[in-house]
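The chain that follows stands alone, in the form predicted alone, written as structure tokens.
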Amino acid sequence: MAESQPPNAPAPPPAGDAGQAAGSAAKAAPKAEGNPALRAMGLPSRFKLPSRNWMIFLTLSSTFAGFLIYDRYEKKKIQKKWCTLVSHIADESLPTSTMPRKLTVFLSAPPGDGLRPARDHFNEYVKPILVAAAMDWDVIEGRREGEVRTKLAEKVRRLRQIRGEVAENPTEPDSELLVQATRQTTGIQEWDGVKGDLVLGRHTWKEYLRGLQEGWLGPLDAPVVPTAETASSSPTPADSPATDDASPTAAPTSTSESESTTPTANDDANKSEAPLEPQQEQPQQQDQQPEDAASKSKTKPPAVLTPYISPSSYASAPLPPSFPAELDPSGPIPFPHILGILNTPTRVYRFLTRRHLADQIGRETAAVVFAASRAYKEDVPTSPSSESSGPSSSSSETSASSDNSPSASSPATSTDAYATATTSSPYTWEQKSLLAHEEKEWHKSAHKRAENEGERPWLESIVLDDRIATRMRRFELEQDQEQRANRIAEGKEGVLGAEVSD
């Protein structure tokens, strides 16, 4: 017996309309809005995840920005640490009749670049610490190779003349000497303590050593170098009578030629008189221009002078009577500088890790401020990274000790002077290996030599005389100051004599 359907039950749809009903039901279902990943995290569904390309770009840029921000933050903390370490010196009292301590900063344009990077390097890493300690300084700059050597040697020679040495051609008093004389008359005293030198970069350091030895071991007067022009201009005894005999014979020939040409010249005299007058004034103006140039050259010396002494003559040169028992300490400051598109990864890495360089330079600069120094070491083993600089030139090792006295005043014009002043000892002075790793990063143009080129302090090996090297001193931070800097970084200590703020 068949089951009976309820009277009010709807009739089943036809079999052909089943697909249409399912489609209409799917359309009527509400559509999910937004990204399901954002909804799962509870974020507003109106935002959308970036595309694949945007994700790559945002990841790289945010990573680079994060490294940069972190490095600059740590760099500021490190520089603040070293500034806090030396800032108590600025509060120390000083008599009104005494000049403050003044340092000498040596910087020059790095190989293959201008002077701007050297100045920026000093202003960014060294200057904040010197300003925090209220230090004063003079800057000796060099725009090209050899300027720092020339200026330092001239400064030492001037100091020797002030201390009583007499030169045949004494230097004219400049503004600095006039200022010193005025201070002496008014009773103002110079700083009686340690002064010191700050040298930025390996290239400046090599010129610093070269100029220091040239100033103390070289003569006060520039050596006279005979040239081809002077030799040809000076008449010999054999040539002088020939010229005297030839002069009477030359006069008649000239007069006879002028007499033969006078008729033709008189015909064109009226035509050529007017334009000849301005032409006669031109040679006078041309004669005045060389005179003006000569007067300017006398007032302003050239930027790079020929060395007064060659390195091969160091050992045979006598020490001046004004040579001090100890020279002013020096502090070499690292100056990494690399160029070239192939070195972009290295440059980017250094750009993102400047905090390490700031810590190293801050330590060296703080040592200069505290004026604690030690003698340079002599028994430093020679390493391949210390370029081709040989050991010190002593009286027993240098072949220049057997040279005659005129060689001591002859300028260095070739690399033979360096070859004769170096030997192959396994030990060398510490000054030669300082910052030697920077030479590998110099631009390739700095390693090229031109024909008939003079001295190249950047390319030549460092030659040191034992009498100069033993009297040089290097700034070094004491151990207690290093420990105090670590406590300042940890926040356990502040400015010396002040309470630490929580």
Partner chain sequence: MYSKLVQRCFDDCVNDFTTKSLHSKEEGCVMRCVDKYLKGSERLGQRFQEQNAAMMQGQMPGR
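Keep in mind that what you see is a predicted model, and the values were worked out from it rather than measured. Residue numbers count along the first chain shown, from 1.
Unshown form predicted in complex with the partner chain; subsequent notes refer to it.
- Just one of 97, 123, 344, 169 comes within 4.5 Å of the partner chain in the model of the complex, counting any heavy atom, and that one is 97.
- Residues within 4.5 angstroms of the partner chain in the model of the complex, judged by any non-hydrogen atom, belong to 181 to 189 and to none of the other stretches in 359 to 367, 181 to 189, 310 to 318, 201 to 209.
- Residues of 142 to 161 are not found to place any heavy atom within 4.5 Å of the partner chain in the model of the complex.
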